[in-house]
Structure formats: structure tokens, C-alpha cells
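Next up: just one chain, as C-alpha cells, the form predicted on its own.
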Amino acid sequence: MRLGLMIDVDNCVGCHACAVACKSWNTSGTTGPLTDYMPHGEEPSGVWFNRIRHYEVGSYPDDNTVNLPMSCFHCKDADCVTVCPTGASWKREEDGIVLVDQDKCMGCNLCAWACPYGARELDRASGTMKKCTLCVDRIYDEALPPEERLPACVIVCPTHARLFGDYDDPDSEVSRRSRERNGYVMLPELGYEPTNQYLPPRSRPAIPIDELQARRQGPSTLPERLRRWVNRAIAR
């Protein structure tokens, strides 16, 4: 079993609901409090497991805003685990989730330097490294109804841009969507074999800018505009 997330870039509106829900749930979860630094000061900051990047692509009038949520990819070949000198970073064999043992972590930052995705954050208050856990304490909680055993970010997403499932199961929704929409992983050339995947934006027809401008401009003289207005009134 290889559990992970799938992000539909076409549906993500960049609302940050996933990031807020993630911070809220994990603050009381397995990793302990996610510290805020000067939350009401001039330069507020803090520890976040989900961060959303925003990019402008294309040129007017066919430009578009792409929202790209990023968190730990729970790589199959995770160098963050390999470089950890204390064994604090480890990968579960049963589901492929990468975790950090807070009791073993000494905050040396080696795992953060090894991660090319910037998915790990040092909590300056605890002095330990923290990262996305895929809400491991939630997805296996049998006290919850089956439909609620999902990562917090998936449950809260208003546009259903986030999916969760087993990539080793060819019949799972994430595997099926990946085949249908050409799902891809981030920086595959590095050989980390990330589990999380993205679905690319769908192609859209070009906006007929010349036709739209012609409609806006309409007749250039007052008599022509009046004549057009009268014809419309008669047609009604």
C-alpha cells in the first residue's frame, strides 16, 4: 500500500482552506503544537505543513493563474530518511507514509537540506523538524465514520481539488484519475519517486479577443448607434 494525495490543479482556487485545516488539525495531533511567530506583529510567520504557491502563466488575454499546493510528497526513495543521523525521520512499511519521531529529532536540518521540495519546517519553539503526516492519526481512527477517515486538507477543500488514496491499488480513484488525466509527479528527474501527484490544467479554447473588442466598440457614430438601438427595440 502506498498512500498519498492527488491535487487537481485545474480545480484549485488558492483559497488556503487546506493549509488552515492542516494547521488546525495537526496542532493537536501527533506532531504537537505548530508554533506561530509574532502572529500579530509586523512580520507574522509560523510552521505550516501545506503551502500554496501562485503562478501567472501565459500572456493576455490567454493568461491564467495556477495555484500549486505543496506539502511532503512521501517519496518512495526519501533522502530525508537516509540522511537523518538519529533515525528520527522514518518511512512506514505498511503504507509508505514518512514521519518524524519528535523524541529523536535534534533539529539538525539535514533532512530539510536533503528535501528538494521544501516540505520540512523547523519549529523554533520545540527545536524539532515537522512535516505533513497525511493525518495518520485521523485516517486510521476507527472511532470516526469511514467517510471522515481522510486527511483534513481533503475534507475541507471546497472545490474537491484534493483526493486521497492508495497509488498501489490500480482501481483506486487516485490511480484511475492519474491514468485518465496524465497525472505527474514533481521533479521526477531527481529520482525520489514522490507519491503525491498533480493533475494538469485542462486545455481551454483561446479567447476571441478581436471579436470581443469589436462588440465593445460597436458603431463609431451617434446615428449608427441610434439606428442599432431602434432596430433592437423593434425586434423585441
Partner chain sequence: MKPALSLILFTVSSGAGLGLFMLLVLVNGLGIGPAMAPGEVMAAGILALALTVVGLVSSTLHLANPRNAIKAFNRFRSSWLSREGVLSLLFFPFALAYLVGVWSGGDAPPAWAQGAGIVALLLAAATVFSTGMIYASLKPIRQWHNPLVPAGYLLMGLATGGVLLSAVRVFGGAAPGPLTALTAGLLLAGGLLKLIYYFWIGRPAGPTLNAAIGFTGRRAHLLDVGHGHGTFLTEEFGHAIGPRASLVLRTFALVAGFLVPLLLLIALGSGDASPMVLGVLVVLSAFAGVLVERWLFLVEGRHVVNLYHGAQRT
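Residue numbers count along the first chain shown, from 1. As the structure is a prediction and not an experimental result, all values here were calculated from the model.
From this point on, the text means the form predicted together with its partner chain, which you will not see here.
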**Contact stretch among 131-139, 81-89, 144-152, 161-169 - heavy atom within 4.5 Å of its partner chain in the model of the complex** = 81-89
**Prompt:** With the partner left out of view, is Val20 within 4.5 angstroms of its partner chain in the model of the complex by any non-hydrogen atom?
**Reply:** no
**Message:** Within 4.5 Å, heavy atoms only: does Leu34 come near its partner chain in the model of the complex?
**Reply:** no
**Message:** Would you classify Glu180 as touching its partner chain in the model of the complex, given a 4.5 Å non-hydrogen atom cut-off?
**Reply:** no
**Message:** Can you tell me if Arg51 lies within 4.5 angstroms of its partner chain in the model of the complex, counting non-hydrogen atoms only?
**Reply:** yes
**Prompt:** Can you name the residues of 105-124 that have a heavy atom within 4.5 Å of its partner chain in the model of the complex?
**Reply:** Cys105, Met106, Gly107, Cys108, Asn109, Leu110, Ala112, Trp113, Ala114, Cys115, Pro116, Tyr117, Gly118, Arg120, Glu121, Leu122, Arg124
